[in-house]
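Take a look at this single chain, the form predicted alone, given in structure tokens.
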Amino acid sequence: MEVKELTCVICPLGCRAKVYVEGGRAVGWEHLECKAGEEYVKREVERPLRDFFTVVRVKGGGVLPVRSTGPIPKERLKEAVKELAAVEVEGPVRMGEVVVKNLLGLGVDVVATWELE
């Protein structure tokens, strides 16, 4: 059995958890103060997800900040970056407007987080 130490980022307590891992699954944990922390360390061990923020190119120069509408699997982040490296937008783009629909077939979109005239 493997033991991992993780810091929970769900709430301001920042619990330093000791997580017992067997066969890629979290089978036990210590030093967590809440149920949300238990869910976090379990997900972090078994299928880590990350919110995704980056920029896309603007035709004629510059960049537009964007983000995913939901977290994506950590192991797919590089693929997501490569896909968005090929994207180029042209104004006007409204904040919240979808720039890429269904990123990598994950069921999340990429939206603008800034206005582009």
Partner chain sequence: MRVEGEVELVVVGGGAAGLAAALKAREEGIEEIWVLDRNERPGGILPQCIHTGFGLHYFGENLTGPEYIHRFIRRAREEGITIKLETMVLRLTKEREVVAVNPSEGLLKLKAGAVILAMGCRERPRGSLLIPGGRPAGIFTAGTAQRLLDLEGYLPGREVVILGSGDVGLIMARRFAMEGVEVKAVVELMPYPGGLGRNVVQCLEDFGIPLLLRRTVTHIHGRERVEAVTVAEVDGEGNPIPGTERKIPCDTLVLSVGLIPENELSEGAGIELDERTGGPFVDEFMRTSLEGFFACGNVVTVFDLVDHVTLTGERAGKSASQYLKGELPPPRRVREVRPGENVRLVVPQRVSGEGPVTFYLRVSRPLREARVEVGGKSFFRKAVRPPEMLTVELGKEEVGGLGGEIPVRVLGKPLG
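Because the structure is predicted, anything quoted here is derived from the model rather than measured. Under this definition, the rigid core comprises the largest set of C-alpha atoms superposing within 1.5 Å between the forms. Residue numbers count along the first chain shown, from 1.
Just so you know, the form predicted together with the partner chain exists too; it's not on screen, but the next bit is about it.
Contact check for K42: no non-hydrogen atom falls within 4.5 Å of the partner chain in the predicted bound form.
Remark: E88 does not count among the residues lining the partner chain in the predicted bound form, judged by a heavy atom distance of 4.5 Å or less. Proximity of V27 to the partner chain in the predicted bound form falls outside the 4.5 Å heavy atom cutoff.
When the partner chain is considered in the predicted bound form, R16 lines it closely, a heavy atom lying within 4.5 Å. Along 31-58, these residues reach a heavy atom to within 4.5 Å of the partner chain in the predicted bound form: E33, C34, Y40, R50, D51, F53, T54, V55. Residue displacement note: R57 has its CA displaced by under 2 Å between this form and the one not shown (rigid core superposed).
With the core superposed, G107 shows a C-alpha displacement below 2 Å between this form and the one not shown.
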